[in-house]
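Here we start with a single chain on its own, the form predicted alone, put down as structure tokens.
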Amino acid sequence: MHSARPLRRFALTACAVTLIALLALPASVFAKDPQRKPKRLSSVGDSITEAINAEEFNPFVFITPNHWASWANGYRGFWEWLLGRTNVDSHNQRITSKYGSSGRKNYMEALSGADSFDLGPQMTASVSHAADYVTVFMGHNDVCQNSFADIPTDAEFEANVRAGFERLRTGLPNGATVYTAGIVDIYKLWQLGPQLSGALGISCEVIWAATLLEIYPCSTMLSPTNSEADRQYTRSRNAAFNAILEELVAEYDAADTHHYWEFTDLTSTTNFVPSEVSPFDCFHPSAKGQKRLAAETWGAGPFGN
């Protein structure tokens, strides 16, 4: 009579091998939690998301938020209609149109001047708001510095983004979506310079010369003393940061079964035209630029279909 022990040992070994193989599989193989409707929108970012100087400008306040014109959080009510402000058809507006107004919340965490070091606090606010949908559009101020030495290293930028993503991963409701947009190619803005005019018809190239006094942003790209090699170096940092964003989003989406992570490079490859740049500061998107950002990022995003 043969012993059953070898058979049992074989069965146990086979089960162990199967379990190890399953554990080694990426989380993306397993079903994610059901995706939540994007009723509670929270937008992380910088002055672009705040729609600085997009349509109206206060000469006594160089940085003038135009929140109604934000690609992410923009809105249009009675006063916006009465004053003839641009309807940018933002993500916020599109969510209401598609999913209704019941339970809607619209939180802007973005702040002018913010960079990747500010991701943690902003994303903590997203968590505190129990956001279903978080948009991330950050990194322009990492690229735009007063000196090349001030641009973060790849390791610093990745650490900042990862720390912020961890706060979202561990704090957002299951089924929430995080949508990250690539940093705009600032070099293309510089290329538009000869076609742009700022306030009072002053050439934007003249306005950009204020970078020499460090009273205008982005000396690392816009300073008139930069060589082409200088600008290409800054552009390479721009591209490197976008690659890090895309890689981290793919990593988190593969490993996190509780949340949805998406990335779009449309914002970094778009060729803006002069009318899509603010006529007040020659730097931020105009209301038309914001409207384009809203349409393109929504169409490429998780809820655009």
Partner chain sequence: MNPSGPAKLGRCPIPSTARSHGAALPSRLLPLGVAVAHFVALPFPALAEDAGAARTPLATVNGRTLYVDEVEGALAFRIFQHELDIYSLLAAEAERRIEAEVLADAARARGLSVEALLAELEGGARGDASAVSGASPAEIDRYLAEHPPAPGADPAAVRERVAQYLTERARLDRRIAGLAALREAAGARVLLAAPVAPRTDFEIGASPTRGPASAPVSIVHFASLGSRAGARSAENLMRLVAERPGEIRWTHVHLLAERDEAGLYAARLAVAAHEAGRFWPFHDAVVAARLGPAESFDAKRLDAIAAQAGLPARAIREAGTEGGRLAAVKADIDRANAAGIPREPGLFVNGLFVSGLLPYEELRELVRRETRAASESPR
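Numbering follows the first chain given and starts at 1. Bear in mind the structure is a predicted one, so any value in this text is a computation, not a measurement.
The following text describes the form predicted together with its partner chain, which does not appear among the structures shown.
Want to guess which of 96-104, 123-131, 72-80, 171-179 is within 4.5 Å of its partner chain in the model of the complex, heavy atoms only?
It is the stretch 72-80.
Considering 89, 230, 205, 166, which brings a non-hydrogen atom within 4.5 Å of its partner chain in the model of the complex?
Residue within 4.5 Å of the partner: 230.
Can residue 63 be called a contact residue for its partner chain in the model of the complex at 4.5 Å between heavy atoms?
Residue-level check for residue 63: no, no contact with its partner chain.
Do residue 212 and its partner chain come within 4.5 Å of each other in the model of the complex, heavy atoms counted?
Close contact is absent here: in the model of the complex, residue 212 is far from its partner chain, nothing within 4.5 Å, heavy atoms only.
Verify the contact flag for residue 85: yes if a non-hydrogen atom of it lies within 4.5 Å of a non-hydrogen atom of its partner chain in the model of the complex, no if not.
Yes, residue 85 sits close enough to its partner chain in the model of the complex that at least one of its heavy atoms falls within 4.5 Å.
Wondering, does residue 217 line up within 4.5 Å of its partner chain in the model of the complex on heavy atoms?
Outside the cut-off, so no.
Determine the residues of 273-305 with a heavy atom within 4.5 Å of its partner chain in the model of the complex and present them in sequence order; the list may be empty.
The stretch 273-305, when checked against its partner chain in the model of the complex, contributes 273, 274, 275, 279, 280, 288 at the 4.5 Å heavy-atom cut-off.
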